[in-house]
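Only one chain is given next, in structure tokens, and it is the form predicted alone.
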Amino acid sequence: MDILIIGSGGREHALAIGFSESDSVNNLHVAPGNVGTSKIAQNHNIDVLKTQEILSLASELNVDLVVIGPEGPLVEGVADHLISSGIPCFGPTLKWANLEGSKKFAKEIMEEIGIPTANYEQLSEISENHEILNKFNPPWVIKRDVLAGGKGVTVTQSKKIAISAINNAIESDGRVLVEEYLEGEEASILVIMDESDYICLPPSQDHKRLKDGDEGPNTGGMGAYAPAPVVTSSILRRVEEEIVQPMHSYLKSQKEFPYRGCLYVGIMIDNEGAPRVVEFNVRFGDPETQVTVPLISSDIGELFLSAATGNLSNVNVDFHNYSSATVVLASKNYPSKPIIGDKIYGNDVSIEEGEIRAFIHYAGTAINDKGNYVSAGGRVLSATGIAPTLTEAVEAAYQIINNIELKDSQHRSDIGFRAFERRM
């Protein structure tokens, strides 16, 4: 089949690598893509927030499947238009894209079907701030009720900062959510889902903070690893029984609007092993994709097409018995105002040693007019290791990342630290 992937980040490079290794895939296209996808697919320079440009390209290429990477096009309703045009789409329609586009919408559904999550209040009046904060113990969790690129959450012990975050959100968005703070350890479950069935991919754990030890500002993600040992078999069973199965049953009941794509389930696991939903996203996570897709041993072209056409129940999915880890290299000043245009050296490396391999997933990277690799975004690239053990996967990823030079770049040196702490 011919496939068109929409997006330009490390997530889309990871998906492209997966499809390029699938026997079911013939021609692979990415729009707009990046320097990594250009090596294994044909890039097309379009504006992914313009639905008509995606529709026109998909029709022109006569593709058999469109895979939407980022959340923006989904919230613009691109899946609805593709399906209306007879083109299968991996990614939910606008109605369900609101599970990520609106935190309130997601909360209301979780309340309706009894999915465990944090208590919350919605505000639209600035004058209510003090009263609302008194309903919750600090730290306070302030969530914008819009798409915010993974950076719309403020967690703070400071009432002053909390009030400022609330005011700013109400002024820009008209509303805001104040949530109960959930204690515990966070993890992510990517669930491929359609109306016929669902498949949970190996659980992963992201590293949101910029610096080691989970210090510094929130980012889009500075690294990840999978499978995450915090999600034991018993916890995963609870996640399925208490969250995934009820959600699938609810979505399945909405026959006019089947959910077809990936449901990203962000969970907090407390000391008793009870999972509660932190957030739903409606697409593959970044950098979680970089560590989960390589663990799928089945043909992912068949897997994604089956989900996009409502035939997931007819597919058997197998996984490699490996661990994976990815370490993100970020530009100077990320996440505020990243410095771009600096040369990158040492990125022409990979590792292939027996069962251990490591390579680069490109994201905010470009090639300048002199043929040099340069930084072109906040998260520039990530080094991903895959190996029989997590220790070996992490070591392989750092072998790659430590070989790369980018002026004043940033990366964490402790990816996987929570998993290693659990062994001690």
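Residue positions are given as counts along the sequence shown, with the first one as 1. For clarity, every value in this text was computed on a predicted model and none was experimentally measured.
Quick note: we don't show the form predicted together with a small molecule, though the next part is all about it.
Engineer: Could you tell me which of 153 to 161, 335 to 343, 242 to 250, 299 to 307 sits within 4.5 Å of the small molecule in the predicted complex, going by non-hydrogen atoms?
Structural biologist: Contact-bearing stretch, as computed: 153 to 161.
Engineer: Please pick, from Val315, Val191, Leu210, Met268, the one residue with any non-hydrogen atom lying within 4.5 angstroms of the small molecule in the predicted complex.
Structural biologist: Flagged contact: Met268.
Engineer: Which one of Glu76, Asp80, Glu186, Asp197 is close to the small molecule in the predicted complex, taking close to mean a heavy atom within 4.5 Å?
Structural biologist: For this set of options, the contacting one is Glu186.
Engineer: For Asn218, is any heavy atom within 4.5 Å of the small molecule in the predicted complex, or not?
Structural biologist: Close contact exists here: in the predicted complex, Asn218 approaches the small molecule to within 4.5 Å, heavy atoms only.
Engineer: Does the 4.5 Å heavy atom contact test between Phe257 and the small molecule in the predicted complex come out positive?
Structural biologist: Phe257 lies outside the contact set for the small molecule.
Engineer: Determine whether any heavy atom of Tyr181 comes within 4.5 Å of a heavy atom of the small molecule in the predicted complex, and answer yes or no.
Structural biologist: Flag for Tyr181 set to yes.
Engineer: Given that the partner is absent here, does Leu177 sit within 4.5 Å of the small molecule in the predicted complex, heavy atoms only?
Structural biologist: Flag for Leu177 set to no.
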